[in-house]
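Encoded as structure tokens, the following chain is the form predicted on its own, with no partner shown.
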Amino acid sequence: MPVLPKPLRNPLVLVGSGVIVALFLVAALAPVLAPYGPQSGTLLDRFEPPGPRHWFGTDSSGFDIFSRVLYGARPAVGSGLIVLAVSTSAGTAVGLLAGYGRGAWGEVLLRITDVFLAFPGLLLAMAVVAAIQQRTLWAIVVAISLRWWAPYARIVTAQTLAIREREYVEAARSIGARHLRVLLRHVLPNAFSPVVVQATLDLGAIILTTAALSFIGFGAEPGTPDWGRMVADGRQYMRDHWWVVLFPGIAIFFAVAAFNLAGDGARDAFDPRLRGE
């Protein structure tokens, strides 16, 4: 009987991975799973408490909160995946060039990276959204990605600086391999493990940042089935109608916690000292 790697035997990692799988399924199947549309309801149904008809109750517009929480997984997961794709691609490219290249170009790229790292991510995202004056998924993706690529560039730069001096890289260069081939064939595969670990951890942070932007008014428009927007719209009613804020808040908590747990497992799995007993 095969023995699972040590990190995968951690029950918290397994729980986090299970929640992530469920989150992706909910995002993909929201129209099938939701008993109502995300904006289906009337004012006659407003503030109905949780019960058999509305499992999570209804909000100030009479919308079914359970259905909106399910639909809210779509922008959360979608924006997170797009931001990660953009950030890891840009950061990896910059990191490879800065770490492998010698001279002024590498220093210029590192200084540009340092400039973006100096800005708080949420503050820069707020400034970008305010500047482009659009509250769409793409605006949020652009705003968050503009800062999120920089840590990946630093991670890949550090890995590339160490890898480029190893024997197999020197051997590839000595037989006439082109720099692009050396980067893609020998450097990138060996430098990418920390990027995978960081991306797993970052997906939860991106979901939290997206929710924060929506909460403070820089994200989704009012009425949009977005977790952060739902918390923002319901906070003025939470004293008498607690369910309006509770359930989208729980969704944010479990999504972020799940990716953090899975990220810890991924970090341990890529650590050679923790792959076995």
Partner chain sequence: MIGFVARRLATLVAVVFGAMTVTFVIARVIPQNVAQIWAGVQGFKVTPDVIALVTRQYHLNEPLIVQYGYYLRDLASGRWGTSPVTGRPVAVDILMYLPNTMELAAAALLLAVAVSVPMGVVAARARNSWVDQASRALALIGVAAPTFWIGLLLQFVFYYWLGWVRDPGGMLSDSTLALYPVRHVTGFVVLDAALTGNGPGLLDAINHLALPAISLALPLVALLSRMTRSSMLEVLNQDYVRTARAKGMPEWRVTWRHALRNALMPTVTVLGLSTGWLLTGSVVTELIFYWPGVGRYAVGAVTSFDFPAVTAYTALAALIFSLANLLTDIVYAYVDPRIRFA
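The shown structure was predicted, so the numbers you read here are calculated from the model rather than taken from an experiment. Numbering follows the first chain given and starts at 1.
There is another form of the same protein, the form predicted together with the partner chain; it is not shown, and what comes next is about it.
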Assert contact residue (the partner chain, in the predicted complex, non-hydrogen atom within 4.5 Å, options 161, 108, 117, 137) equals 117
With the partner chain left out of view, which of 146, 155, 182, 197 would have a heavy atom within 4.5 Å of it in the predicted complex?
146
Whether 22, 27 and 93 all lie within 4.5 angstroms of the partner chain in the predicted complex by heavy atom
no
Please identify, from 230-238, 36-44, 52-60, 65-73, the stretch that has a heavy atom within 4.5 Å of the partner chain in the predicted complex.
230-238
Is residue 128 near the partner chain? Define near as a heavy atom within 4.5 Å, in the predicted complex.
yes
Using a 4.5 angstroms cut-off on non-hydrogen atoms, would residue 123 count as touching the partner chain in the predicted complex?
yes
Is there a non-hydrogen atom of residue 261 within 4.5 angstroms of a non-hydrogen atom of the partner chain in the predicted complex?
yes
Is residue 132 close to the partner chain in the predicted complex, meaning a heavy atom pair under 4.5 Å apart or at it?
yes
Taking the partner chain in the predicted complex and a 4.5 Å non-hydrogen atom cutoff, the residues of 198-219 making contact are 208, 211, 212, 215, 216, 218
